[in-house]
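Presented below, as structure tokens, is a lone chain in the form predicted alone.
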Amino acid sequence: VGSVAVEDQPDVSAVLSAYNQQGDPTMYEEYYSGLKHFIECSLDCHRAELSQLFYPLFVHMYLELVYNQHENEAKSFFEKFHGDQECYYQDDLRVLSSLTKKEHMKGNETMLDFRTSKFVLRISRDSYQLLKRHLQEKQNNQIWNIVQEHLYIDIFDGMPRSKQQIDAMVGSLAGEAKREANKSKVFFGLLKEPEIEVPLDDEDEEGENEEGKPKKKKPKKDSIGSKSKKQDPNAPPQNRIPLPELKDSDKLDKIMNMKETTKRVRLGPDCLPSICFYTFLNAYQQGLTAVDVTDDSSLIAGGFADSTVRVWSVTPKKLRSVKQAADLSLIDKESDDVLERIMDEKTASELKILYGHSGPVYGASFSPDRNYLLSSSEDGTVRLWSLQTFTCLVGYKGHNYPVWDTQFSPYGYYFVSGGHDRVARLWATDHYQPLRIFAGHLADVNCTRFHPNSNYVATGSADRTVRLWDVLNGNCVRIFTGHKGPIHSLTFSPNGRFLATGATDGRVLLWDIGHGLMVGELKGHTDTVCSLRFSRDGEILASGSMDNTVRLWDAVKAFEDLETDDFTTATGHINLPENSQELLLGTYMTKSTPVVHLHFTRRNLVLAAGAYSPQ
């Protein structure tokens, strides 16, 4: 194992030795201020674009001085220019200011990554020519070397972008995404639902004797629950990845779901959902760190900082586990109610506590069939629990560091986890080893979500990017940049076309997956957005935050008139309307409870959860 770990890391000395071709250390300030003067005096249209160079050049020049042990020059360089950097780089600059010796650099993975991955800037051809001419006339080789060695300049033809357009897209640890990164085809459509006959309700059966009546009623019943009988042109082939077969119990559940759907409330700006808040009281000793609710809203699970997972029944039905083996042998296996008899009534309760983790539990996810619960923890493991026996079935080991999130596929069987080791892993419940490793983020993977068709996984990271990965081959097919802080929440729209993401910057960004474009920005939260969820038909987006509020947004309006022409896609000239106020349908304050989780029931009631934190 030791040798494998070593190979994964780029050879530290090789990476850093790129800083050997140094210029005269005393000249660095002059080089940088010369470039700064040139950019600030250039025309407005070029200035916005060329200003993107300030940050990556500042970091590389500073690291170069530190690496070559010019500590005083490095310190003076930092003090002179760090104030010029954009405010969203504050956290990076704090890390940077603590790296003052060559030795410090070797242990800092983020800085090593900054060194190995090229910082991406998107600049129009005119601005680029201007820069190149200036640097070559000035014989400013030091800066030109860094530009060629460490920056990837994605040049496009056409108008330069405005400051506003650039600001919307930048801010991640490695700059923007190359345009190539978002070009590959993504099958964002939904898979066809299996044909399931919905049995008639009792009240429909009165018409049985007159022929023709129930026949008329039946197709009506069916049409509501079967949105995707036709093949969606953007859907992946049905067998693109192997998905588990439907069991009889799954079919019954689908029928229940369809019946609930007929009673679903149509939401919209004039018909907002009610919100029911589950407040975890007295959780200050345990510390609530994760929540999940089953799709049918019957169970709620909480992950806690005291290493426990607790499962509550939210309905009057208590949680029962299967009887002990000795008692099971006494049961008549042929009896009709054998499934009832195997359950132990004596130990039925509305709360079960699952012990096994040895660190705070940061992620929890119920399987779609409600037989299993996953939990991920600081102890580096993901555990699979049986909700029949309330015991741990498997511990999945692979992440050696904290696992921040885990989620079951909408079809069950597969699940995804993401952690401090900067990778996400795809697992199947019956394999000890991961099936896919999604590597590419430059910092922790904080949140992981499956696309509704289960062919893709989205990950949000502390490197301030969101990536979309193909489950079939493990490739990264989309990179979304624009958040100015670590990303803590993700959700796909029910039709599979859009993704909403929330971060510590308090913004919720909306993305068109097919075109690989940012299409909206919802401003209003004043703290980290930790939960996002679309209503069942996608009319409303709910966001929950550390600012102790739930906000509801008009998703239909946010996505309605999108300009996704080829030019925009090719250059990233996006013009986001400043319409957060029009899209905000309501803000709901809690007394003092950060909103950890949001859920829409099958009838479109919002359930929210969090732990009361006395101020």
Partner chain sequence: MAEEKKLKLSNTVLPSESMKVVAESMGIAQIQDETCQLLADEVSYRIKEIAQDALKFMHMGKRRKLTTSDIDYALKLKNVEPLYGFHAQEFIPFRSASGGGRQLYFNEEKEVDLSDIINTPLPRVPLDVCLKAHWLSIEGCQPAIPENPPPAPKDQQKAEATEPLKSAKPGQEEDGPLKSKGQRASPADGKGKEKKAPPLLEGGPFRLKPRSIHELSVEQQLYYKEITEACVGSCEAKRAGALQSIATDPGLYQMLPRFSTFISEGVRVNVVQNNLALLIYLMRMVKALMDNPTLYLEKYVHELIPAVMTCIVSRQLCLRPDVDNHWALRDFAARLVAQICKHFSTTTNNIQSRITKTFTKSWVDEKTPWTTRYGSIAGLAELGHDVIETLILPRLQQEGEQIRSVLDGPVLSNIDRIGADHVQSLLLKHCAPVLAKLRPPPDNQDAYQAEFGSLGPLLCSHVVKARAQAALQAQQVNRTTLTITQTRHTLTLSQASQPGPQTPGLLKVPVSIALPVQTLVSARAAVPPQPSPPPTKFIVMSPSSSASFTQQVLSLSTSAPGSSSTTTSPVTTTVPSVQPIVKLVSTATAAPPSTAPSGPGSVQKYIVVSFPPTGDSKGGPTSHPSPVPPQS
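Note that the structure is predicted; figures quoted are calculated from it, not measured. Numbering follows the first chain given and starts at 1.
What comes next is about the form predicted in complex with its partner chain, which does not appear here.
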Is it the case that Q90, V314 and E378 all touch its partner chain in the predicted complex, with a non-hydrogen atom of each within 4.5 angstroms? yes
Which one, S124, S386, T100, S162, lies within 4.5 Å of its partner chain in the predicted complex by heavy atoms? T100
Have a look at F408, F114, W469, F304 for me and say which one sits with a heavy atom within 4.5 Å of its partner chain in the predicted complex. F304
Taking the partner as it appears in the predicted complex, which of 430-438, 150-158, 511-519, 265-273 has residues with heavy atoms within 4.5 Å of its partner chain? 265-273
Can A325 be called a contact residue for its partner chain in the predicted complex at 4.5 Å between heavy atoms? no
May I ask you to check whether M546 falls inside a 4.5 Å heavy atom distance of its partner chain in the predicted complex? yes
Quick check on H420: any heavy atom within 4.5 Å of its partner chain in the predicted complex? yes
Is there any non-hydrogen atom of A348 lying within 4.5 Å of its partner chain in the predicted complex? no
Taking its partner chain in the predicted complex and a 4.5 Å non-hydrogen atom cutoff, the residues of 401-416 making contact are Y401, P402, W404
